[in-house]
Ligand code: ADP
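Shown next as structure tokens: one chain only, the form predicted on its own.
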Amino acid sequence: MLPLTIVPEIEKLLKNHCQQEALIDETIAVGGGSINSAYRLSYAGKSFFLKYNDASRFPQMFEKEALGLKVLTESKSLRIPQIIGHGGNGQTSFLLLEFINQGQPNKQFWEDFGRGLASLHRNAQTSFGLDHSNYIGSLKQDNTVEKSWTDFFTYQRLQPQLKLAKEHALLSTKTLADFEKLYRLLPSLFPEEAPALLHGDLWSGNFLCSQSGEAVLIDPAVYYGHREMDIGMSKLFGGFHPHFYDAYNEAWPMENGWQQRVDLCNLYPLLVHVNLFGGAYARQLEACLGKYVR
């Protein structure tokens, strides 16, 4: 049930967006991931997507997501849902977006998606990180800037998640020790590349296929990082269509051996999943880590 306390603010945003005064006349619950409640709203004959959550539990989560969507939109590389607005009443926060009517991917979809991601990654800056922190799932993601990728990967990605996992006794002493060994190896494992603009959480649940056949990115965890991080994440749960990777590599070839670095990149999202869900993800993490630390 949509909280009535946030309806007036949502209707005000919709009035300004549509330039028409009306009321929300239909709310239909839709999938919004495992974290948020989500609805399709009807206002003045148009559909919109709303998700909301506890403002005190996830402070500024939707504000940060809107910032990430804005950064991706400004890259002019792939379609991003239009941001209508975000807000809340102190207890509940929300994000209001364009509603994307979905279609079915075809071969051209995957090729266009691969080229579009390469275009996104060509947006670069001089340092790894971002000028603000954000979230990955329901966990805070620190984007403090570092000059080298291995420093950023170590200090802003692996170590914060390992600290959280250690506090909750989710990993073995051996696994924690193996990460200490990995830190020393990282400079020789990753090829040097300029910081690339990343979606940051690129798995099959975080993009849509529009009715017109476009890839639409949603739920970002943006930062400037090594571009293989997005590629690795895309393969974590089975991978995208082969045409996606072929088109990406035609548009901007990856360095030799990228397939062997997929599990290296996925140490970070696997740590996130360990902290969110534990269990089998800890075993998967240990298997991936063992490929680089003997």
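Start at 1 and count along the sequence shown; that's the residue number. On a predicted model such as this, the values are computed, not experimentally measured, just so you know.
This next part talks about the form predicted in complex with adenosine-5'-diphosphate, which is not shown.
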Heavy atom of Asn36 within 4.5 Å of adenosine-5'-diphosphate in the model of the complex:
yes
With the cut-off set at 4.5 Å between non-hydrogen atoms, does Pro242 touch adenosine-5'-diphosphate in the model of the complex?
no
Under a 4.5 Å heavy atom criterion, is Ala118 part of the interface with adenosine-5'-diphosphate in the model of the complex?
no
Contact flag, Trp258 vs adenosine-5'-diphosphate in the model of the complex, heavy atom cut 4.5 Å:
no
The single option of Phe99, Phe190, Tyr183, Phe109 touching adenosine-5'-diphosphate in the model of the complex, heavy atom within 4.5 Å:
Phe99
Heavy atom within 4.5 Å of adenosine-5'-diphosphate in the model of the complex: which of Ala194, Val145, Ile136, Ile218 fits that? Just give me the one.
Ile218
Where, among 146 to 154, 86 to 94, 110 to 118, 205 to 213, do residues come within 4.5 Å of adenosine-5'-diphosphate in the model of the complex by heavy atom distance?
205 to 213
Between 45 to 66 and adenosine-5'-diphosphate in the model of the complex, list the residues on our side with a heavy atom within 4.5 Å.
Phe49, Lys51
